[in-house]
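Next comes just one chain, in structure tokens: the form predicted on its own.
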């Protein structure tokens, strides 16, 4: 698998990322480094100092919209990536409109109700669209408990059980691991029909029939 061949294929693909915090920002950066052609980023928040502990932002970006700051950083790596940013709190109709042309959608929200909303929207109103979600990344250690499970067109990365609390916060190492698992899963999906590169889809996943 030659890297230039990977980038050549990735240049033809579009990925939507809902939420640009710890998961979304790190997933976007990973995809940028492997040559993604287009990113659609949606988040309504601004960069705060506390975000620097686990999100892909820098001190001189504090106060900026997360979508604008992330676009700025991505273009420092690869200015040719097409980036569409939306400073909004997503609702069902927004998801269909903004991510309709994307090959894969990444769920990177913090709140459970928002996670449920985007997953249900993609699965029920966007036929043949894949969604890659993150669930269970709080705390530290226990790396081997992190996994990717498939439920039809839904893929879930994380341990699927750890809950964020004051005594079990979200920290950079596990957040980064899950974000890169999401990016890796996105790549597998984008290459599953590629005639020359076999990413060995599903080889290490828990297969669950629904």
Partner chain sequence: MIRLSLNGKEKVFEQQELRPVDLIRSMKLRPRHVIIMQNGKAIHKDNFGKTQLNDGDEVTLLKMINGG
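All values derive from a computational prediction rather than experimental measurement. Numbering follows the first chain given and starts at 1.
The protein also exists as the form predicted together with the partner chain; that form is not presented, and the subsequent description refers to it.
This chain lacks the partner; the member of 61, 170, 148, 51 within 4.5 angstroms of the partner chain in the predicted bound form by a non-hydrogen atom is 170. Of the candidates 90, 81, 119, 102, 119 is the one whose heavy atoms come within 4.5 Å of the partner chain in the predicted bound form; the others do not. Taken together, 137, 156 and 163 are fully in contact with the partner chain in the predicted bound form: each brings a heavy atom within 4.5 Å. Not displayed here, the partner chain is kept clear of residue 72 by more than 4.5 Å at the level of heavy atoms in the predicted bound form. Although the partner is absent from this view, residue 175 contacts the partner chain in the predicted bound form, with a non-hydrogen atom inside 4.5 angstroms. When contacts are judged by a 4.5 Å heavy atom cut-off, residue 16 does not count as touching the partner chain in the predicted bound form. The partner chain is not drawn, but in the predicted bound form it has a heavy atom within 4.5 Å of residue 108.
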